[in-house]
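Just the one chain here, the form predicted on its own, laid out as structure tokens.
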């Protein structure tokens, strides 16, 4: 293997270049290369060294191929210590990103130069760990405890100008990395500057009250998680220690996090996000080209899809039913783009160019004649969608991909409305479509492989997390959602309060409970789904009536000011409505149900058992290819806490035997709803976990 760290000289300057594409990850070969280069520099005649990188970025982090494997020397802490211990100055040049270990390497150097447009950060807490190569010790000594702790616990990336202002770097440059390093090094030589070790800087001052306030803020922002608070603890403790003792404490805390279930869950999420787009059956399948996207429907969902495509640089032709609706849709897209401008995500001139050159809004289906992909996002009605696809069949060019954004409906039936079912698939976006990262890509019976591959290629262009799903009512996510929401309704019928369930579920780690979610989505959404499924209802199925009463009373959730919660000036985020408990008590009395108490632990046990059981059925039926596909759907579309890894990863953590026992116990009360999934029972009997099926 070619040495990924090169060494050359220019006069008194040693130029050490990291070249390990694509992102110069700090793998074993890079670490060993830096170590060897430092040994050569220490023994050579050069007076100063410049550490820089080739390609598009400085060290962007650890080598993910080493995750889960035994560490190979030299470790990154050793490399950072070695850089700092040099007796001659070492200058680091940062371009692209210096994240995690990349920034820690830079902190080990004596001086830092940053190219304009570059970013630095310590994102380790997003993997359930903390910076373990001096990040929690050197950064506070360099810029102060509070600014460093904020960067570490938030995992945010710091832009170049702010990095200079904070003192993370010594200078900015608009030159190429090599030239920027040479220029800065020559200046140091001219001044006779020597080494300047971060480890020799005074310990940072500790404002106990400010640290306590930050601790409270971090805990509130990351409920249930341990990495952020542990990282803060490492930085705070290190502030009263020598660097050597602080590094030892950092390493001790790092190892405790490495052994935690949360770290395993977040690593699973990290790799799952990347693996979910890799389908063996699509290997070697070439997607069709996508440059122009048609969108049918300019409401909340259609407009969001249009914005997502526009921000990805695609041309969008959006169709609405009449001139007034066309104008409203265009205004809605413009408003959304303006919001991106205000948040600094989009420049005003770019917004203007998009609206002028990339967006066409019209009520004429003929305008879709050149579109490569056409996405239908109209009312959730089979008749309406079949009518739209009949029109598309007449105007879409040969080879165009025809996609439906349906949340539940049978895509095989929709595809049958065209003469080209092989070109049809589902692209189930989640609202708001330009924000939510999940995209369920639904493969119908006759979907051609290259059409499925095109769906994944479009998802990549839109920076979505794509998950392949099969056809069934609700696909992966909404099918599972209906079951665990039903389990919640059953607990409410039997005596729990909707508000207690919401509190228990948020304490588990979800951002919202199921009833708060219903208010946010709209009570009418659930009502329409129940009405669609009511003719299929089995006589043995328990069915709560109070959600329909809410709809009939016009209590549709946040948009009407009342649902399960009351939304007004007094409580804009909602407060429990006591009338809900009265309404539910009336239904219990009418049905002769004697209410019993539920503990929060029992609520979580049943809620999760229902979710896991249905997820196992989804995998067992092939609706999802792998358990990790289910996990990614729930993580990126339904608020499942990332630090728990997803429902099937969580099931493996607590034990499938325990999950099965919970289901069998609940089945003694309702053996129709609580039917154990065959796959769950099989894996439990074999002593295996869902992870064994991920490949």
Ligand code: 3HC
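Residue numbers count along the first chain shown, from 1. This structure is a prediction, so every number in the text was calculated from the model and none was measured. The term rigid core refers to the most C-alpha atoms you can superpose between the two forms while keeping them within 1.5 Å.
Absent from the display: the form predicted in complex with 3-hydroxybutanoyl-coenzyme A. The rest refers to it.
For the options 679, 25, 13, 17, the one in contact with 3-hydroxybutanoyl-coenzyme A in the predicted bound form, meaning a heavy atom within 4.5 Å, is 25. Listed residues 97, 154, 230, 336 were compared with 3-hydroxybutanoyl-coenzyme A in the predicted bound form; 97 is the one with a heavy atom within 4.5 Å. Put simply, residue 637 is far from 3-hydroxybutanoyl-coenzyme A in the predicted bound form: not one heavy atom of it is within 4.5 Å. Shown alone here, residue 131 lies within 4.5 Å of 3-hydroxybutanoyl-coenzyme A in the predicted bound form, counting heavy atoms only.
Residue contact with 3-hydroxybutanoyl-coenzyme A in the predicted bound form: residue 76 places a heavy atom within 4.5 Å of it. Among heavy atoms of residue 423, none comes within 4.5 Å of 3-hydroxybutanoyl-coenzyme A in the predicted bound form.
Heavy atoms within 4.5 Å of 3-hydroxybutanoyl-coenzyme A in the predicted bound form map, among the stretches 39 to 47, 64 to 72, 665 to 673, 646 to 654, onto 64 to 72 alone.
Counting a residue when any of its non-hydrogen atoms is within 4.5 Å of 3-hydroxybutanoyl-coenzyme A in the predicted bound form, there are no hits in 321 to 348. Residue displacement note: residue 21 has its CA displaced by at least 2 Å between the shown form and the other one (rigid core superposed). Residue displacement note: residue 637 has its CA displaced by under 2 Å between the shown form and the other one (rigid core superposed). If you fit the rigid core between the shown form and the other one, you'll see the Cα of residue 56 move by 2 angstroms or more.
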